[in-house]
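Following this are structure 1 and structure 2, which are two forms of one protein chain, each written alone as structure tokens.
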Structure 1
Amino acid sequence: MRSRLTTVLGLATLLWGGGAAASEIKIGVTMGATGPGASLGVNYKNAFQLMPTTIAGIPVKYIILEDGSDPTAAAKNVRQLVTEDHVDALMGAVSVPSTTQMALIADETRTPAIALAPVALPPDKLGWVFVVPQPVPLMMGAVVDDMKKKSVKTIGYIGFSDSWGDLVLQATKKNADPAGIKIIDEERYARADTAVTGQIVKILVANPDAVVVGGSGAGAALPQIALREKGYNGPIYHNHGTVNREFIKVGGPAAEGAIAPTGPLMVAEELPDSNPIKKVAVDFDRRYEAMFGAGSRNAFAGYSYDGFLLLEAAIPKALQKAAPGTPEFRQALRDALESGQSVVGVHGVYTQTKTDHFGLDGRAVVLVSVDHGAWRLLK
């Protein structure tokens, strides 16, 4: 049975049409804090404890449903949130498959949705979906740039046997091919697998200059460990789905030296003072670690918070046109989200428009590596 957590934040009264009426903004969230995506989902969910109590003076009601990191459950949650709870906006999920299910239903029901994980859909299916994580090609472009500096010419690839593994592979090829870097072996593994020995042996036989892992969270540690145990000493690159404490805990000493792209919040204090992201990211990191412990900062909680910041910036504009709980408000909220307003988050500066529902540029990317048990800015 799905667990349901409802948090009502703040108390306020909104005047509509000259009469006083209690009003609230409903945001429906499907979240996988259990199941194979739990190492990410817990962090996504934690961030909701740090979000302000109101938006534009209106109380916010978060309806958070657990989906167990299962796409089918995520789809069922989203339909309930839209048809029974009549939410004004959606947020979620943890994995690409689950978030893609949310996006499809959001487009069908004309409900604004903030995607907290990448989505495997063409642009014409993203009319109501605004994606917080950095586009995979942008992040893997930074990886390939580092490969060029290290004179890497060949790559071995091992990634999840699902849409996330596909996205990372495609983005790596898109950036590597023009650079003259070739992928000479492609391997896959399931999220629930406990060994990848056969795949790693094949990669080692191919003898690549570097390896790219298309996993995420703790699940990305499996190939990292196996490669080091089998004596591979070349660079091992990951993606922005890997950067959390759980990867380091599971990987142990084998995690040392792993390289990945991520958002600036992971190394916020090391950013120059002129960087507009620094102040927001440092503040979020300070508050998050005060609540969840030193070193608990992670990219995934930051995605949830940036999703909130996007809604916080758009909702006042939508309120000028319609009341929450109506189709008109949802349309106005969608329009406000794609109005081109720049929103400074912990991962980047978002300027989303009608033709760009990502809205991020190179300021959203830094390269980090595991150094003495912590993610640090790659020097």
Structure 2
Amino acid sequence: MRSRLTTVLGLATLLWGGGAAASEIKIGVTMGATGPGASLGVNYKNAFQLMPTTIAGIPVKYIILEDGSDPTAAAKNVRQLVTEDHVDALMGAVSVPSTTQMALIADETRTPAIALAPVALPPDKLGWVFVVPQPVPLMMGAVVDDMKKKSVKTIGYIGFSDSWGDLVLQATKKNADPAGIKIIDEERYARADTAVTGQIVKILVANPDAVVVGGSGAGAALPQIALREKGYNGPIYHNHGTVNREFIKVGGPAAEGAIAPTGPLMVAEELPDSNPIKKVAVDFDRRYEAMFGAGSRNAFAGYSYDGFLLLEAAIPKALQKAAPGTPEFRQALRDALESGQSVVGVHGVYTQTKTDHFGLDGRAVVLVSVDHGAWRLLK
């Protein structure tokens, strides 16, 4: 009896799902605009206000669920999006753990997913997942190249005591080791700490040629200020998580000279005209800042937008093979995403193939530094 009921219900759901199918494309998003990731999440979420509501003439519905930067909630959201809303594609999330949860479920349920933060999974688990942000080693590679130019031999590291701090440290090591640059001190701090005196004093004792900060946003200003206050004069390098205006606002004069890698959109106007990214990025910056204020551009909104651009490029191809809302469409969408088509985004040129779901090259990184209270291209 019960099994028959389930069958009927299941059939009805299928029919209903099928009926709704052709009319619109559904993109399910899990986003942490509250909780510990809020400072990034708000920016990620803002970008969705710029996205068109049709792709190839078909209306697009964005279903954005809040996960409070909590991986468990993110997993719940993604399950709901897949099983109840029957989304055609997933996008998310703000933190590495949440995005990893999304990726696992996307792989299991065979739903194409755009990862807006790095994913901590081996490549064979990324069959249905396409990653937007630049891999951390690519970013820190640009930093180490600059160190070589400045003949830096030793690095002191201070980073968040979480997985971000680990990722930045590993990426720095990976690039620094072949270059013969040694990390002579490793320190950690928490975003909510009120002081980093102990750590900074220890770095000063070790006296490295340069310091790498593995923090993000305004939270990276604490070691920057403490280092300068205590008289450290060497170059201070950050990572792409730090490039926003809050870092400068909080850091004040101490932030001057801080160097960081980032995506081209942060300094779009300063790029040479020959760079294909310039046009897309300038357009995005202009629209974003018109809505959220001058200087509000940030890498995270750019990731959301690039995620959308990837889908926008792939969806017309998938539509030729199947109707939205069906497993066939999801399969076709995945195939289209990894077809090796070059998509110019605001962060770089993505060429994602079957074997490479990142698809970014050196064009996705620029080095910027704080110059008179703004991030500018490092000359």
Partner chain sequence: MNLDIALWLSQDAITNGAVYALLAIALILVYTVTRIIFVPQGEFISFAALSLATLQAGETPGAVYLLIAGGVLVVALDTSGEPWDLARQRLPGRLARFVAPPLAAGALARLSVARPDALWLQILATLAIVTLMGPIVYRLAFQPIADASVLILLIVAVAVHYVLTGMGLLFFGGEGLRSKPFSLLSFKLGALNVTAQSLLIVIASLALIGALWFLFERTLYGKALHATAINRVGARLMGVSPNLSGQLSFTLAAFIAAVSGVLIAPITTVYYDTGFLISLKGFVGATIGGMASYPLAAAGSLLVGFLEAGSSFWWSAFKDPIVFTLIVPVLLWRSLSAPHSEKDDAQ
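Every residue number counts along structure 1's sequence, beginning with 1. What we label the rigid core is the largest C-alpha set whose atoms superpose within 1.5 Å from one form to the other. All figures in this text were calculated on a predicted structure; none of them were measured in a lab.
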>> Which number belongs to the form predicted on its own, 1 or 2?
In response: 1
>> Based on the rigid-body movement between structure 1 and structure 2, can you say which of 220, 106, 99, 364 lies at the hinge?
In response: 364
> Considering the two rigid parts of the chain, by what angle in degrees does the smaller one turn between structure 1 and structure 2?
Replying inline: 9
> By how many angstrom does residue 161 shift at its CA between structure 1 and structure 2 when the core is held fixed?
Replying inline: 3.7
>> If I align on the rigid core, how far apart are the two C-alpha positions of residue 252 between structure 1 and structure 2? Answer in Å.
In response: 4.0
